[in-house]
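What follows is a single chain, given as structure tokens, in the form predicted on its own.
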């Protein structure tokens, strides 16, 4: 096997020097000061000292003010930032992030999203494992969904959303209906809440659903059916994930 043109059996040092890894577990020397620990990681790969680069990394991760503190004194979120700083110290071209935001509060998590986005813009390929579906939806260009150790799907995120996404609309009726009128039979709708609500589920993630909902409201007006409210939403990546897991369970 070759990585970046290097044979992993004979040139593993050269290959590894271009790869960064942020493990899920907080595995580092907790007694080391932050700056020294990050600089040491750079030296492990044979790179010369570069205080300016280390400062740049620490500042980008909001760790510069903590540079002389021992890692053990930092919060959980800051410790994870130190792991990212150590992984970036040797300027890798490929970065693996294993649950980097696990146990991190919302503010720190969004800060890490910005950091990862900046790395992508610099040309670093990032492979991220996460249980936070919103995280994948926010950052990923390409998504793989895994269940029970099996890969259910791998695709470009936008293509996945377009192919599997759906539109759902809940229309609150002014008066309940006992049954759907013939004029609405062309739409994928059903009555809910004792006939007080009309639910539309359709579309294909390409905008067709929104167009059908607009046509549905016109059909309601033309049929003399009044409504008092409409709530429309598009499928999220989490919705697609849950649907795929459900189908996988049924297949099993």
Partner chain sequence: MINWRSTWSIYTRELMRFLRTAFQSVLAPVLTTSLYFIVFGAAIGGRMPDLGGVDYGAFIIPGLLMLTLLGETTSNSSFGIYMPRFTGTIYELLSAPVGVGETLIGFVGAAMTKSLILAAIILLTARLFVDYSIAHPLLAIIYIMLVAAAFSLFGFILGIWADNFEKLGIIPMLFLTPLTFLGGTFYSIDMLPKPWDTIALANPIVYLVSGLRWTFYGSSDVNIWISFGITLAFLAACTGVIAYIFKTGWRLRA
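Note that the rigid core is defined as the largest set of C-alphas that superpose within 1.5 Å between two forms. Not measured: the values here are computed from a predicted model. Positions refer to the first chain, counted from 1.
The same protein also exists as the form predicted in complex with the partner chain; that form is not shown, yet it is the one meant from here on.
In the predicted bound form, the partner chain lies farther than 4.5 Å from every heavy atom of residue 219.
Within this chain, residue 32 lines the site of the partner chain in the predicted bound form, having a heavy atom no more than 4.5 Å away.
Contact check for residue 13: a heavy atom falls within 4.5 Å of the partner chain in the predicted bound form. The partner chain in the predicted bound form is not approached by residue 199, whose heavy atoms all lie more than 4.5 angstroms from it. No member of the trio 120, 123 and 140 reaches the partner chain in the predicted bound form with any non-hydrogen atom inside 4.5 Å. Note that among 191 to 199, 24 to 32, 211 to 219, 55 to 63, the stretch whose heavy atoms approach the partner chain to within 4.5 Å in the predicted bound form is 24 to 32.
Of the residues in 21 to 51, those that come within 4.5 Å of the partner chain in the predicted bound form through at least one heavy atom are, in sequence order, 21, 23, 27, 28, 29, 31, 32, 36, 40, 41, 43, 44, 45, 46, 47, 48.
Relative to the superposed core, residue 234 undergoes a C-alpha shift smaller than 2 Å between this form and the one not shown.
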